[in-house]
Every structure is written in structure tokens, then in C-alpha cells.
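Form predicted alone, single chain, as C-alpha cells, below.
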């Protein structure tokens, strides 16, 4: 028996001028999700059930970029993606190109549990959702007025906009003071603040699990797939740990970031926080990202190399933290 631990995130790369009311809304949601997970763990729920439960809650609230409130493609539509992984047996499921499923993380869970596959995408994933009878909505359900405004700004700037959560009026200082543009695969982008969501859990039996969900990038090309549904990149769980990543998807993919945490624990003998710190420092090249992690012994850790990361964590011994900045 070990002590349980849980961590959640709502994205790394927060704009330093994000209005305080938006910061508070984010922290309230993270706190609510942590408490939801804590209650489930105290009731002896398994790690895999808890990560799905918590990410569903994050997908249902439009504060972050997943489910309802997802970022919009260049065509003004939503293409969501999610993955989930059970450290027991390294079972996993993932989906991409989702346009009608209310909770993509649960569809990913069904891919894992009810199909012979690990990953379904676009029309195939939608067909599977219909077969499974999951709750679905028209694409308009996922589109918010804030995101319509941010897509308009992105198109006017001919840019991918990461910080789609910045209101379109009244907060002109957001994104100011950025002297050097950030690059993605060598191309400059504007403000960097992706808000993918994720959860990692180790339960009292020492079982680890992880789940990640996102709407992707504002004004992204249709068909673009990021790190969130890619096992080993945005999400990974095994006997040793569970990891969920957020940030510059292309950099996370190149570094297979989530899997790297487990690798350096196994082959370098590092502890969880040491492994997280090493991976953030050594495996991102010039990319910007963050991650949350738990270990089979009940540890919890996080790290990021950008301005901030929406995150929260708690352990069975009573520790609880919700924060954004360092």
C-alpha cells in the first residue's frame, strides 16, 4: 500500500499580463477538479477511473482548451483530441479529429477498453463514438464567443494564436513585453499560452494513470494533430509513473517528453522530481512546455520552462497546492 497522489494541469505558457479574474477562475476550476479526484481516491477509485473523471470535468468547463471551449481551426470548427493510459499493462487509447463527442477523454477510454486498437481518428473515431452511444453535441456546442473573436484576430494577423483565452477587448496589455517571437518548427508565432488539460494519478495500490485532452491551436490547419493524443509524447503511464504534458506540441513530440520521464527514472535511477527537472531542461531543445507527474510510491511533481503553468496537486498526507507562476 502507498499513499495516493494526484495532479492536474490547465496548460503551460501563461501570459504574464493575464487578468487576475481569469487567473482566479482558472484556479477555482483546478481546485474543484482536485477535490473531485481526492474524493474519488478516498473512496478507493482506481487511478484510471480518476484521471478520466477529472479530465471529463475539465472538458465540460470552457475555461481551458478542451471539450467545450476548444480552440478553433482555420475553418472556424473544432477538432479535439485526447488520450488516456493505464500504467497497469500500459494499456492506452487515443482519439483525434473529434467534432461531436462531448467528452473526448471518455471516447479514448472506450478505444482502450472496447476496441482492438489504440488510436482512432476523424470519421473513424466519430463512427466508433456512434457505435458506443457516447454523449454527442453539434460542433457549435464547443465554440465560444471568445474563441470566435480570437480566431478573427489570428486571421487578421495571419498567425497561429496560442493565447486564445485572452479576451478580445479591454486587455490590450496582454502579450506585451514579448521581445523575441517564439518559434514553432522554425516559424514565428505570436503569444504563447496553450491551455491543454491533463491529470495524473497514483492510487493507494500504487497504480499510475494519465490522461490529456485538448482542442489544439487557434487557427491551426485542419487535420493538425498535436502531442496530446500521442502516447509517449503528451501522455504516458507505466509501472513507475504517470505523466501528462502541455505546451508547444511539436517540441513535445520531438522530445517524446512524457516517456522520457519514465526512461530517466528507469535507466538513470533518478527520483520523480529529478526526472521531471532533467527532461524539462535537456529534452525540449528550444521548445517551451510543462508537465505533471506522479510516481508509484505516491510522489507528485511538476516542471515547466515558460512563464507559468496552470496546475494543482495533492497527496494523501494532506499536501495540496494550486498555482500558476513559479
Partner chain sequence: MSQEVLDTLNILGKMGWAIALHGGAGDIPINIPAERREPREASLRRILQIGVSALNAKSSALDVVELVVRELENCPHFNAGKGSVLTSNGTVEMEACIMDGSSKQCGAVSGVTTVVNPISLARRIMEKTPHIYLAFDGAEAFAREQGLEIVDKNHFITPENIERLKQAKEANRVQQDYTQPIKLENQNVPDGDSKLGTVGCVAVDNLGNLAAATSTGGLVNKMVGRIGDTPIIGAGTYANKFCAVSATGRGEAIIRETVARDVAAVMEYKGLGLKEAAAYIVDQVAPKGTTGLVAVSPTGEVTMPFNTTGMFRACATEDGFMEVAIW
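Positions refer to the first chain, counted from 1. Bear in mind the structure is a predicted one, so any value in this text is a computation, not a measurement.
FYI, the form predicted in complex with the partner chain isn't displayed, but the following is about it.
Q: Hey, with the partner chain in the predicted complex, do 224, 231 and 260 all fall inside the 4.5 Å heavy atom range?
A: Result yes, every residue of the spot touches the partner chain.
Q: Have a look at 49-57, 293-301, 22-30, 260-268 and name the one stretch with heavy atoms inside 4.5 Å of the partner chain in the predicted complex.
A: In short, 260-268.
Q: According to a 4.5 angstroms non-hydrogen atom cut-off, is residue 118 in contact with the partner chain in the predicted complex?
A: Yes, contact at 4.5 Å.
Q: Even though the partner isn't displayed, in the predicted complex is residue 253 close enough to the partner chain, meaning a heavy atom within 4.5 Å?
A: Yes, residue 253 is a contact residue.
Q: Whether residue 141 contacts the partner chain in the predicted complex should be assessed with a 4.5 Å heavy atom distance threshold; does it?
A: Contact check for residue 141: no, nothing within 4.5 Å of the partner chain in the predicted complex.
Q: Taking the partner chain as it sits in the predicted complex, is residue 283 near enough to touch it, meaning that at least one heavy atom pair lies within 4.5 angstroms?
A: Output for residue 283 is yes: heavy atoms within 4.5 Å of the partner chain.
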